[in-house]
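To begin, one chain is listed below as C-alpha coordinates, in the form predicted on its own.
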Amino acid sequence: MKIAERISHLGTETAFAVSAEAAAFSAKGNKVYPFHLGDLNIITPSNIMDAAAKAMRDGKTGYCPNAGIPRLREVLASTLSSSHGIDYTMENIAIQPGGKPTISKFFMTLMNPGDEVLYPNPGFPIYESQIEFYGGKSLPYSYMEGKDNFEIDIEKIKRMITPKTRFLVLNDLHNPSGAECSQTEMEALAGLVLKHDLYVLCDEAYFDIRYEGRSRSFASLPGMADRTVILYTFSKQFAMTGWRLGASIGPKEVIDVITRLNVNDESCANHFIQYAAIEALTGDQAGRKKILDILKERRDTAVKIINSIDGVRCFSPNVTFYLFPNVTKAVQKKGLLDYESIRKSILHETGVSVCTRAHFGRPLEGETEFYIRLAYSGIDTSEIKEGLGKLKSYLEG
(Lines give C-alpha, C1' and ligand atoms only; values in the text may rest on other atoms or scores of the structure.)
Protein backbone atom coordinates (compact mmCIF):
# COMPACT_ATOMS: atom_id res chain seq x y z
CA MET A 1 0.00 0.00 0.00
CA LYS A 2 1.40 3.40 -1.00
CA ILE A 3 0.79 6.28 1.40
CA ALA A 4 -0.51 9.51 -0.16
CA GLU A 5 2.24 11.98 -1.09
CA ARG A 6 0.61 14.81 0.89
CA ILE A 7 1.32 12.95 4.14
CA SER A 8 4.98 13.81 3.65
CA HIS A 9 4.04 17.43 4.38
CA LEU A 10 2.32 16.58 7.65
CA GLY A 11 4.25 17.40 10.82
CA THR A 12 3.67 16.37 14.41
CA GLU A 13 3.98 17.50 18.01
CA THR A 14 7.37 16.28 19.10
CA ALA A 15 6.49 17.09 22.71
CA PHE A 16 4.61 13.79 22.76
CA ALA A 17 7.84 11.98 21.86
CA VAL A 18 9.50 13.69 24.83
CA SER A 19 6.61 12.48 26.98
CA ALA A 20 7.11 8.90 25.79
CA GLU A 21 10.83 9.08 26.51
CA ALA A 22 10.16 10.42 29.99
CA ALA A 23 7.70 7.59 30.63
CA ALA A 24 10.28 5.01 29.53
CA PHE A 25 12.89 6.59 31.81
CA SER A 26 10.41 6.48 34.69
CA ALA A 27 9.56 2.84 33.97
CA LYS A 28 13.19 1.97 34.70
CA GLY A 29 12.75 3.20 38.25
CA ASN A 30 13.92 6.79 37.78
CA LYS A 31 12.20 9.80 39.31
CA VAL A 32 10.80 12.10 36.60
CA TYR A 33 9.68 15.71 37.01
CA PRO A 34 7.24 16.31 34.10
CA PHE A 35 7.76 19.83 32.80
CA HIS A 36 7.47 18.75 29.16
CA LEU A 37 3.77 18.66 28.24
CA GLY A 38 1.18 21.41 28.52
CA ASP A 39 -1.41 19.21 30.18
CA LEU A 40 -2.93 19.86 33.61
CA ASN A 41 -2.83 17.56 36.63
CA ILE A 42 -5.70 19.58 38.12
CA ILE A 43 -9.13 17.98 38.04
CA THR A 44 -12.00 19.64 36.18
CA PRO A 45 -14.25 21.59 38.61
CA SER A 46 -17.00 19.38 40.06
CA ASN A 47 -19.92 21.53 38.88
CA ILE A 48 -18.76 21.06 35.28
CA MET A 49 -18.49 17.29 35.68
CA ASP A 50 -21.91 17.18 37.34
CA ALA A 51 -23.43 19.06 34.41
CA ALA A 52 -22.00 16.53 31.94
CA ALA A 53 -23.34 13.61 33.99
CA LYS A 54 -26.79 15.21 34.22
CA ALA A 55 -26.85 15.81 30.47
CA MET A 56 -26.05 12.13 29.87
CA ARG A 57 -28.82 11.03 32.23
CA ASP A 58 -31.17 13.44 30.44
CA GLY A 59 -30.50 11.65 27.17
CA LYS A 60 -28.07 14.10 25.54
CA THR A 61 -26.05 11.23 24.11
CA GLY A 62 -26.95 11.36 20.42
CA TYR A 63 -26.06 13.60 17.52
CA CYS A 64 -26.57 17.34 17.88
CA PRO A 65 -26.51 20.27 15.40
CA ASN A 66 -23.34 20.39 13.31
CA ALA A 67 -22.41 23.88 14.53
CA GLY A 68 -23.07 22.97 18.16
CA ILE A 69 -26.13 23.23 20.38
CA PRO A 70 -27.75 26.67 20.09
CA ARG A 71 -27.64 27.41 23.82
CA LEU A 72 -23.85 26.96 24.03
CA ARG A 73 -23.32 29.08 20.94
CA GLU A 74 -25.51 31.82 22.43
CA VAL A 75 -23.68 31.73 25.77
CA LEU A 76 -20.28 31.75 24.11
CA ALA A 77 -21.30 34.64 21.84
CA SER A 78 -22.41 36.62 24.89
CA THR A 79 -19.19 35.79 26.76
CA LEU A 80 -16.95 36.83 23.86
CA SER A 81 -19.00 39.94 23.12
CA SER A 82 -18.38 41.05 26.69
CA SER A 83 -14.68 40.14 26.89
CA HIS A 84 -13.76 41.27 23.36
CA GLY A 85 -16.08 44.20 22.81
CA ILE A 86 -17.34 42.66 19.56
CA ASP A 87 -21.01 42.10 18.74
CA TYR A 88 -20.91 38.33 18.20
CA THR A 89 -24.03 36.19 17.73
CA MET A 90 -24.41 32.42 17.61
CA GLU A 91 -24.00 32.62 13.82
CA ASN A 92 -20.38 33.64 14.41
CA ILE A 93 -19.63 30.42 16.29
CA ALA A 94 -19.04 26.79 15.29
CA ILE A 95 -18.33 24.40 18.16
CA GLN A 96 -15.32 22.11 17.62
CA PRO A 97 -13.96 18.91 19.21
CA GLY A 98 -11.02 20.77 20.75
CA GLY A 99 -8.85 23.71 19.75
CA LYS A 100 -6.81 22.16 16.93
CA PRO A 101 -9.67 21.71 14.42
CA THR A 102 -9.94 25.48 14.06
CA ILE A 103 -6.38 25.56 12.70
CA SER A 104 -6.99 23.04 9.93
CA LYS A 105 -10.47 24.34 9.09
CA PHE A 106 -9.23 27.92 8.84
CA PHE A 107 -6.72 26.89 6.17
CA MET A 108 -9.15 24.55 4.40
CA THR A 109 -11.67 27.37 4.21
CA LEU A 110 -9.47 30.26 3.09
CA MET A 111 -6.06 29.14 1.82
CA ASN A 112 -5.23 28.14 -1.73
CA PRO A 113 -2.09 26.21 -2.72
CA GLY A 114 0.88 28.55 -2.93
CA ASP A 115 -0.54 31.16 -0.56
CA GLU A 116 1.99 32.43 1.97
CA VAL A 117 1.30 32.35 5.69
CA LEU A 118 3.16 34.24 8.40
CA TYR A 119 3.33 32.12 11.56
CA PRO A 120 5.27 32.29 14.85
CA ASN A 121 8.49 30.33 15.25
CA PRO A 122 9.09 29.32 17.97
CA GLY A 123 5.42 28.44 18.15
CA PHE A 124 2.88 25.63 18.24
CA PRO A 125 4.23 23.19 15.60
CA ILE A 126 0.80 22.33 14.22
CA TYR A 127 0.60 25.74 12.48
CA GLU A 128 3.48 24.87 10.19
CA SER A 129 2.22 21.32 9.77
CA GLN A 130 -1.23 22.40 8.61
CA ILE A 131 0.02 25.22 6.39
CA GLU A 132 2.27 22.85 4.47
CA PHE A 133 -0.18 19.93 4.47
CA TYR A 134 -2.78 22.05 2.69
CA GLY A 135 -0.30 23.40 0.15
CA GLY A 136 0.61 26.76 1.62
CA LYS A 137 4.05 28.27 2.00
CA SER A 138 5.07 28.86 5.61
CA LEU A 139 6.87 32.09 6.50
CA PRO A 140 8.20 31.90 10.08
CA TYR A 141 8.45 35.12 12.07
CA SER A 142 10.39 35.28 15.31
CA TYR A 143 10.47 36.68 18.83
CA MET A 144 13.19 38.66 20.60
CA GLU A 145 13.98 39.05 24.27
CA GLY A 146 12.71 42.43 25.42
CA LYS A 147 12.86 44.22 28.74
CA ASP A 148 10.07 42.34 30.52
CA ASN A 149 9.07 39.59 28.08
CA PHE A 150 9.55 38.35 24.54
CA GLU A 151 8.54 40.65 21.70
CA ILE A 152 7.55 39.98 18.09
CA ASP A 153 10.13 41.01 15.51
CA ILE A 154 7.80 43.37 13.61
CA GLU A 155 10.54 44.61 11.29
CA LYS A 156 11.26 41.05 10.16
CA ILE A 157 7.58 40.53 9.38
CA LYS A 158 7.59 43.67 7.22
CA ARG A 159 10.55 42.34 5.24
CA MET A 160 8.94 38.93 4.73
CA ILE A 161 5.64 40.03 3.19
CA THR A 162 5.28 39.52 -0.56
CA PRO A 163 2.35 39.87 -2.98
CA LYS A 164 1.57 36.18 -2.28
CA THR A 165 1.26 36.66 1.49
CA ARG A 166 -2.37 36.20 2.52
CA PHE A 167 -2.49 35.14 6.17
CA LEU A 168 -1.10 35.88 9.61
CA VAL A 169 -1.18 33.39 12.47
CA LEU A 170 -1.05 35.16 15.82
CA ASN A 171 -0.80 33.21 19.07
CA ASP A 172 -1.37 35.80 21.72
CA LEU A 173 -0.84 34.71 24.49
CA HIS A 174 2.12 32.74 23.24
CA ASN A 175 3.21 29.13 23.60
CA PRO A 176 6.10 28.47 24.31
CA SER A 177 7.40 31.84 25.50
CA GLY A 178 4.50 33.30 27.48
CA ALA A 179 4.76 36.47 25.39
CA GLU A 180 1.85 38.90 25.42
CA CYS A 181 1.41 41.46 22.65
CA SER A 182 1.66 45.08 23.71
CA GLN A 183 -0.83 47.57 22.34
CA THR A 184 1.94 48.93 20.11
CA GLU A 185 2.65 45.48 18.67
CA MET A 186 -1.04 44.83 18.04
CA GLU A 187 -1.52 48.13 16.27
CA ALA A 188 1.57 47.55 14.13
CA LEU A 189 0.30 44.11 13.12
CA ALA A 190 -3.18 45.47 12.41
CA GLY A 191 -1.63 48.09 10.15
CA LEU A 192 0.17 45.39 8.17
CA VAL A 193 -3.00 43.31 7.94
CA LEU A 194 -4.92 46.21 6.41
CA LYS A 195 -2.08 47.37 4.18
CA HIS A 196 -1.52 43.92 2.67
CA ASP A 197 -5.11 42.63 2.78
CA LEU A 198 -4.32 39.73 5.13
CA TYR A 199 -6.61 37.43 7.11
CA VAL A 200 -5.79 36.32 10.61
CA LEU A 201 -5.97 33.11 12.64
CA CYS A 202 -5.88 34.33 16.23
CA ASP A 203 -5.08 31.45 18.59
CA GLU A 204 -6.48 32.46 21.98
CA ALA A 205 -6.08 29.10 23.75
CA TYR A 206 -4.52 30.88 26.75
CA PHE A 207 -6.65 34.04 26.68
CA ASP A 208 -8.07 33.29 30.12
CA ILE A 209 -4.91 31.87 31.69
CA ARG A 210 -3.70 35.10 33.22
CA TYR A 211 -2.90 36.02 36.79
CA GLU A 212 -3.53 39.76 36.84
CA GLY A 213 -5.40 42.25 34.66
CA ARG A 214 -7.40 41.45 31.52
CA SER A 215 -6.40 39.98 28.19
CA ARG A 216 -6.85 41.96 24.98
CA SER A 217 -7.86 40.38 21.70
CA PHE A 218 -6.37 41.28 18.34
CA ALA A 219 -9.86 40.87 16.89
CA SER A 220 -11.02 43.83 18.99
CA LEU A 221 -8.90 46.33 17.06
CA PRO A 222 -10.71 48.47 14.47
CA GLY A 223 -11.37 46.50 11.29
CA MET A 224 -9.94 43.23 12.60
CA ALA A 225 -13.09 41.32 13.60
CA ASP A 226 -14.09 40.95 9.93
CA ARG A 227 -10.65 39.57 9.10
CA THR A 228 -10.06 37.31 12.09
CA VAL A 229 -11.02 33.78 13.09
CA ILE A 230 -10.48 33.10 16.79
CA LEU A 231 -9.42 29.70 18.10
CA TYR A 232 -11.24 29.24 21.40
CA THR A 233 -10.86 26.27 23.73
CA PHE A 234 -12.26 25.16 27.07
CA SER A 235 -9.19 22.99 27.70
CA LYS A 236 -6.92 25.32 29.65
CA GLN A 237 -9.03 27.65 31.79
CA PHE A 238 -11.37 24.90 33.04
CA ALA A 239 -8.81 22.04 33.18
CA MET A 240 -10.73 20.23 30.43
CA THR A 241 -7.86 19.15 28.14
CA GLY A 242 -9.19 15.61 27.78
CA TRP A 243 -12.78 16.70 27.19
CA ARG A 244 -11.87 17.96 23.69
CA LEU A 245 -14.11 20.97 23.23
CA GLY A 246 -13.47 24.33 21.59
CA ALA A 247 -14.90 26.71 19.03
CA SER A 248 -14.16 28.63 15.85
CA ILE A 249 -15.33 32.24 16.14
CA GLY A 250 -15.35 34.72 13.28
CA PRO A 251 -17.21 36.22 10.31
CA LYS A 252 -20.45 34.38 9.48
CA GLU A 253 -19.42 33.53 5.90
CA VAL A 254 -16.31 31.77 7.20
CA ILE A 255 -18.12 30.04 10.06
CA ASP A 256 -20.74 28.74 7.63
CA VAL A 257 -17.99 26.98 5.66
CA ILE A 258 -16.37 25.66 8.84
CA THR A 259 -19.75 24.21 9.84
CA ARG A 260 -19.88 22.39 6.47
CA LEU A 261 -16.45 21.00 7.27
CA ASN A 262 -17.83 19.83 10.62
CA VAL A 263 -20.45 17.85 8.69
CA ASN A 264 -17.74 16.20 6.61
CA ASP A 265 -15.17 15.63 9.36
CA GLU A 266 -16.84 14.66 12.63
CA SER A 267 -20.57 15.45 12.18
CA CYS A 268 -20.69 17.35 15.47
CA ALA A 269 -18.85 17.85 18.73
CA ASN A 270 -19.72 15.68 21.73
CA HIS A 271 -23.33 16.40 22.72
CA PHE A 272 -23.41 16.12 26.51
CA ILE A 273 -20.05 17.84 27.00
CA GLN A 274 -21.53 20.98 25.48
CA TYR A 275 -23.91 21.21 28.44
CA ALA A 276 -20.88 20.97 30.73
CA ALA A 277 -19.38 23.88 28.78
CA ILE A 278 -22.49 25.97 29.41
CA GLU A 279 -22.06 25.32 33.13
CA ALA A 280 -18.37 26.21 32.85
CA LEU A 281 -19.22 29.61 31.38
CA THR A 282 -22.32 30.48 33.42
CA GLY A 283 -22.03 28.52 36.67
CA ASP A 284 -19.93 28.84 39.82
CA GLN A 285 -16.46 30.21 38.92
CA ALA A 286 -14.77 29.14 42.17
CA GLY A 287 -13.17 26.13 40.48
CA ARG A 288 -11.75 28.21 37.66
CA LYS A 289 -10.32 30.71 40.16
CA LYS A 290 -8.73 27.88 42.13
CA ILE A 291 -7.04 26.61 38.96
CA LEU A 292 -5.51 30.04 38.37
CA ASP A 293 -4.41 30.35 42.01
CA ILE A 294 -2.64 26.98 41.82
CA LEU A 295 -0.93 27.87 38.55
CA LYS A 296 0.22 31.25 39.85
CA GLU A 297 1.81 29.66 42.92
CA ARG A 298 3.62 27.19 40.66
CA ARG A 299 4.81 29.96 38.36
CA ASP A 300 6.17 32.06 41.22
CA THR A 301 7.97 29.07 42.70
CA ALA A 302 9.52 28.02 39.41
CA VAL A 303 10.62 31.51 38.33
CA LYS A 304 12.35 32.15 41.65
CA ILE A 305 14.40 28.95 41.45
CA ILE A 306 15.22 29.28 37.75
CA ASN A 307 16.48 32.82 38.11
CA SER A 308 18.72 31.71 40.96
CA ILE A 309 20.63 29.38 38.62
CA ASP A 310 23.95 30.76 37.45
CA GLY A 311 23.91 31.32 33.68
CA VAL A 312 20.11 31.19 33.33
CA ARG A 313 17.62 34.03 32.94
CA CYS A 314 13.84 33.79 32.79
CA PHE A 315 10.92 36.17 32.41
CA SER A 316 7.88 35.81 34.68
CA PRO A 317 4.95 35.95 32.24
CA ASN A 318 1.59 37.08 33.55
CA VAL A 319 -0.10 34.64 31.16
CA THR A 320 -0.09 30.98 30.04
CA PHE A 321 1.51 28.25 32.15
CA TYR A 322 4.88 28.19 30.39
CA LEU A 323 8.36 29.51 31.09
CA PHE A 324 10.99 29.88 28.38
CA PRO A 325 14.33 30.46 30.12
CA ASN A 326 17.52 31.33 28.29
CA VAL A 327 20.01 28.66 29.40
CA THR A 328 22.83 29.52 26.99
CA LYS A 329 25.62 30.31 29.46
CA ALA A 330 24.74 27.44 31.79
CA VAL A 331 24.65 24.73 29.13
CA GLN A 332 27.76 25.98 27.36
CA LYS A 333 29.62 25.76 30.66
CA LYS A 334 28.54 22.09 30.79
CA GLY A 335 29.77 21.53 27.24
CA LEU A 336 26.25 21.00 25.87
CA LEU A 337 26.15 22.53 22.41
CA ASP A 338 22.94 21.19 20.81
CA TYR A 339 19.33 20.85 21.91
CA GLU A 340 19.13 17.06 22.09
CA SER A 341 22.27 16.92 24.24
CA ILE A 342 20.81 19.58 26.50
CA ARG A 343 17.45 17.85 26.91
CA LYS A 344 18.77 14.32 27.38
CA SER A 345 21.51 15.35 29.77
CA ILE A 346 19.05 17.25 31.95
CA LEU A 347 16.66 14.28 31.98
CA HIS A 348 19.26 11.64 32.77
CA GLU A 349 21.19 13.69 35.31
CA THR A 350 18.25 15.26 37.16
CA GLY A 351 15.01 13.56 36.10
CA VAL A 352 13.69 16.94 34.91
CA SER A 353 11.88 16.38 31.61
CA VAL A 354 11.66 19.49 29.41
CA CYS A 355 11.01 20.51 25.86
CA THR A 356 13.46 22.79 24.08
CA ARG A 357 13.14 25.56 21.56
CA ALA A 358 13.67 22.92 18.85
CA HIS A 359 10.28 21.35 19.67
CA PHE A 360 8.52 24.52 18.51
CA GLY A 361 9.63 24.87 14.92
CA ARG A 362 12.84 24.56 12.98
CA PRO A 363 15.42 26.94 14.51
CA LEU A 364 15.86 29.97 12.28
CA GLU A 365 19.04 31.17 10.63
CA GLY A 366 21.16 33.28 12.94
CA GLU A 367 19.86 31.88 16.24
CA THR A 368 22.69 31.55 18.75
CA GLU A 369 20.91 31.38 22.12
CA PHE A 370 19.56 28.22 23.77
CA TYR A 371 16.11 28.02 25.38
CA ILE A 372 14.13 25.33 27.15
CA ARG A 373 10.38 25.34 27.79
CA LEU A 374 9.01 24.45 31.19
CA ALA A 375 5.29 23.71 31.53
CA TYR A 376 4.27 23.96 35.18
CA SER A 377 0.65 22.95 34.58
CA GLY A 378 1.16 19.26 35.28
CA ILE A 379 3.48 19.24 38.28
CA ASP A 380 2.78 20.14 41.92
CA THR A 381 4.66 22.93 43.72
CA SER A 382 6.57 20.51 45.95
CA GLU A 383 7.81 18.62 42.89
CA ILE A 384 8.72 21.90 41.18
CA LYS A 385 10.94 22.78 44.13
CA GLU A 386 12.57 19.36 44.20
CA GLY A 387 13.06 18.99 40.46
CA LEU A 388 14.33 22.50 39.76
CA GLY A 389 16.56 22.24 42.81
CA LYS A 390 18.22 19.24 41.16
CA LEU A 391 18.44 21.16 37.87
CA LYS A 392 20.17 24.02 39.68
CA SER A 393 22.68 21.66 41.32
CA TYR A 394 23.44 20.00 37.97
CA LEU A 395 23.89 23.18 35.94
CA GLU A 396 26.01 24.84 38.61
CA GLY A 397 28.04 21.73 39.40
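Each residue number is its position in the shown sequence, starting from 1. It should be emphasised that the depicted structure is a prediction, and the values quoted were computed from it without experimental measurement.
The form predicted together with pyridoxal-5'-phosphate (PLP) is left out here; the points below concern that form.
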pyridoxal-5'-phosphate (PLP) in the predicted bound form reached by all of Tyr127, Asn171 and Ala205, non-hydrogen atom within 4.5 Å: yes
Scan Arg244, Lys156, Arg216, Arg260 and let me know which has any heavy atom within 4.5 Å of pyridoxal-5'-phosphate (PLP) in the predicted bound form. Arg244
Pick from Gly99, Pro325, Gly136, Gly178: which residue has any heavy atom within 4.5 angstroms of pyridoxal-5'-phosphate (PLP) in the predicted bound form? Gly99
Mark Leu231 yes when one of its heavy atoms lies within 4.5 Å of a heavy atom of pyridoxal-5'-phosphate (PLP) in the predicted bound form, and no otherwise. yes
Evaluate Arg227 for contact with pyridoxal-5'-phosphate (PLP) in the predicted bound form, applying a 4.5 angstroms cut-off between non-hydrogen atoms, and reply yes or no. no
Taking heavy atoms only, is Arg299 within 4.5 angstroms of pyridoxal-5'-phosphate (PLP) in the predicted bound form? no
pyridoxal-5'-phosphate (PLP) contact at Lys236 in the predicted bound form, heavy atom, 4.5 Å: yes
Testing 251-259, 99-107, 84-92, 128-136 against pyridoxal-5'-phosphate (PLP) in the predicted bound form with a 4.5 Å heavy atom criterion leaves exactly one stretch, namely 99-107
